[in-house]
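Below you will find one chain, with nothing else, as structure tokens; this is the form predicted on its own, and questions on how it binds or moves follow later.
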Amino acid sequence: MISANASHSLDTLLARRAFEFDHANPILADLPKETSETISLAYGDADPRLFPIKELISSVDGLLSEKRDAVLNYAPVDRELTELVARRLQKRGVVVDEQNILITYGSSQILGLLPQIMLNQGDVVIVEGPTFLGAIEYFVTQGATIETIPVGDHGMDIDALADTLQRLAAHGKQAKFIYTIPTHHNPTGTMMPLANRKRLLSLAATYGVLVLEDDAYGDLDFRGEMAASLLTLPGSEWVLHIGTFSKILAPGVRMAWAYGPTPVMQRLRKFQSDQGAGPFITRLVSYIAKDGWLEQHINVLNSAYAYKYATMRDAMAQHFPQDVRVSTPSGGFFVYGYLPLDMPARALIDVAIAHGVSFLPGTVGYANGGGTHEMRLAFSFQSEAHIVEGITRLGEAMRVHRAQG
């Protein structure tokens, strides 16, 4: 019999893993400390003015009028939503087996689940540098050893990837998966060319490595095109693809999907305790997307975000020092900046905040300490007027920082 003891603590009941990441993440310390007066160019929030409010309200009314019992009771994921995802993949040239579609609560759910089914402590995961901050957090939390591949003007450096895979193999190691954002990359905005995509999959097949394709921004293409998903290329049997409705409906909808090899999808499904999302929200997404409305809405988004990017581009050309280099994205939410040696991002962000504007220092996108002279600027959330004002303030902050020596 265990007697009551005042010295007992609930901490003794917790698993060791619960304490492994109590220490502060040094990357997060570089996030800008904004105030209510700050024009934030740091975070990739969607523009609330573009949310389809009327359509969402109408769809909720329609669901509650037509399918009240089905949407408000216990039920599996809506079959029509799975069919919608299948049609959207087929439109891009993917040969779809609907059994391998997994509806998820946001794409981040897959970033959290995949390490659970694939990683043991110390296993190698390959990521881009820079990359999505949240992905690094998920992988490190699950005990991954991170290998970083640099990103250039054409996305992931495939030569560097080949060298890394060869080095790992020479030491008897195998990466478990490669995490990549080949289309409208977050944070750099770059686009991986088709030849590089094919070579990426060839390397994955050669070394037996899964490729996790994060396609969060695939629909947001200012050219009115869609890049070839890795799922459509030779070697696609090594691809796990994730897409999301968050960027094309609203982030608060938290609805996404995954598609990939049967063994992976079966195990992901077993670990997905909540079945992806409730019947109401899954039916809402399929309901609002019917009759081609979603594709029309995506066209509206692309026109609006293209104009916001052009506004930022023109403002940077006018107000930034000439030795600040910036990317030229063809879609997505972000512009990436490369700062001169006398302008480290960590120092510049303090001056920028004092001038009433913020950006995301490049350091938060690296697992290996890189990005000290890089920055991400989001044009997605702010109005055109605030974009111009924010870039004007940031340009002044750059000049003040440089004058201070």
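Don't overthink the numbering: it's just position in the shown sequence, from 1. A quick note: this is a predicted structure, and the numbers were derived from the prediction, not measured.
FYI, the form predicted together with a small molecule isn't displayed, but the following is about it.
Contact annotation for the candidate site: S40, K308 and M312 all lie away from the small molecule in the model of the complex (no heavy atom within 4.5 Å). Under a 4.5 angstroms non-hydrogen atom cutoff, the small molecule in the model of the complex lacks D78 among its neighbouring residues. Under a 4.5 angstroms non-hydrogen atom cutoff, the small molecule in the model of the complex lacks R197 among its neighbouring residues. Though the partner is left out of this view, R92 does not reach within 4.5 Å of the small molecule in the model of the complex, counting heavy atoms only. Contact between W238 and the small molecule in the model of the complex is not found at the 4.5 Å heavy atom cutoff. Proximity to the small molecule in the model of the complex, defined as a heavy atom within 4.5 Å, singles out one entry of Y259, Y287, F139, F132, which is F132. When the small molecule is considered in the model of the complex, only one residue from T244, T190, T282, S229 comes within 4.5 Å through any heavy atom, namely T244.
The chain is drawn here without the small molecule; in the model of the complex, the stretch among 249 to 257, 317 to 325, 67 to 75, 203 to 211 whose residues come within 4.5 Å of it by any heavy atom is 249 to 257.
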